[in-house]
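Shown next as structure tokens: one chain only, the form predicted on its own.
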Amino acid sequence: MKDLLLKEIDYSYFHQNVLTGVNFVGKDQQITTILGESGSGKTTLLKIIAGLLRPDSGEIFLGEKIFFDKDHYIPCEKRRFGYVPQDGALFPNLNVFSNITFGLKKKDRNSKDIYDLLNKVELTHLQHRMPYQLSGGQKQRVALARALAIRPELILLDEPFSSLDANLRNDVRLEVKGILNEFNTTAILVTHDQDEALSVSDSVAILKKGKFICQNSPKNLYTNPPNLEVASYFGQINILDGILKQNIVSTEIGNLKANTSYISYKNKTSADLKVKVLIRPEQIVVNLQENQNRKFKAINVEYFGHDSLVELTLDTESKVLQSPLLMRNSTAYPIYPNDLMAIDILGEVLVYDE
């Protein structure tokens, strides 16, 4: 196994701490995404892995091989890592074939492996084109093929889809994921895009202000976030105040079945515990049977084609929600502003210590 392992990485710039005590694992032959907001330190960390920046302290391993510690430092040019920058950074004066083979020795540029690579990334018919003749997605595939051409031990991708328009971005990231999986490549991707992190990754590590706050599979981070901070990185959420009694939480919208996995052990003995309740918008559905209990009112509807995001409030004068309740609604049952309805909450809701 050749896992990428970072231990206690520190890095500062002009006496400002950028990364502090960073520990990170990129699993062999998997795509691991570093997700973070602008300024969180994710690109700095990627450059440290690549050898473009030297950390102040810590250790970097790939498998058993040491790339950095207090006694060792392997520079960028001696690391067999592929690097795909944000804009692809193709040479404008070279055609596709020459861009892909740029980093190879002359004797290796016309090898069978290169033509196999061109075929696998579907660039054979484009190999004589210049960069200005390519679409955004084609440029990104060329940049990825150039990184793969050196047979890297590791591929590093720095927000590779950020310059593409929304429609193209979805297609290209699926293409890139397929290529990386086909080559069984260990890859580290950095992004600020939650959809990208969820759809492409085997594992996601969330970086905030130079420290990792969580790392897990996309599914676990979305469905079972360890806290509300992690939950907020992945789509819209509803947060309500509640009173927990065993496995039932009482909220302003009713009594709900609770998942108490993240309530601290010492608090579980409390008879009436104040908690925070997490409800995803897709957990909220219209109850078509409860015609006599239509106490929720749609105050805004944002239409997306495949579904809509509905803001709900209570249709009563005696009780007002602290903030509108967000619901993801299928367009098979359209909702319009001022519509009244009853709702159900699907499954358990997650509850956290207040």
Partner chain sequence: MKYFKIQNLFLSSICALIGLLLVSPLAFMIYQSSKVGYHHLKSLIFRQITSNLLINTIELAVLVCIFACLLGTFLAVLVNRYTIKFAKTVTTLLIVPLAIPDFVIGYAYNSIFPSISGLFGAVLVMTFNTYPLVFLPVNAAMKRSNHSLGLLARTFGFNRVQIFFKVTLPQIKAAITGGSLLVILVLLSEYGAFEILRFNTFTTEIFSEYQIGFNSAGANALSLILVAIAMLVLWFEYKISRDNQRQLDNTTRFEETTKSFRISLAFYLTTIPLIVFAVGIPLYVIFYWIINNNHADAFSLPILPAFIHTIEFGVFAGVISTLLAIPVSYFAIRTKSKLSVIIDRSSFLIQSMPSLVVALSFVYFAIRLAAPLYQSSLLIVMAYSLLFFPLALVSLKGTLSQISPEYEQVAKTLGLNSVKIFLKVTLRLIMPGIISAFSLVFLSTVTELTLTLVLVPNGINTLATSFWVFETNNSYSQAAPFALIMVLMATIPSLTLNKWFAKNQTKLNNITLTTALTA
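Numbering follows the first chain given and starts at 1. All of these numbers come straight from a predicted model, not from anything done at the bench.
One more form of this protein exists, namely the form predicted in complex with its partner chain; it is left out here, but the text below deals with it.
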For a quick test of understanding: in the predicted complex, does each of L52, F81 and R109 have a heavy atom within 4.5 Å of its partner chain?
yes
Notebook entry, point to check: Does its partner chain get within 4.5 angstroms of any non-hydrogen atom of D193 in the predicted complex?
Noted result: no
**Prompt:** Should K47 be counted as a contact of its partner chain in the predicted complex, where contact means heavy atoms within 4.5 Å?
**Reply:** yes
Inset, instruction - Give a yes/no on whether D87 approaches its partner chain to within 4.5 Å in the predicted complex, heavy atoms considered. - result: yes
*its partner chain contact at D71 in the predicted complex, heavy atom, 4.5 Å*: no
Within 4.5 Å of its partner chain in the predicted complex by heavy atoms, the stretch out of 122-130, 248-256, 99-107, 194-202 is 99-107
From R146, K139, R280, R173: within 4.5 Å of its partner chain in the predicted complex by heavy atoms is R146
The listed residue (L164, I150, I237, L228) that reaches within 4.5 Å of its partner chain in the predicted complex by any heavy atom is I150
Residues in 7-32 that come within 4.5 Å of its partner chain in the predicted complex by at least one heavy atom, in order, are F14
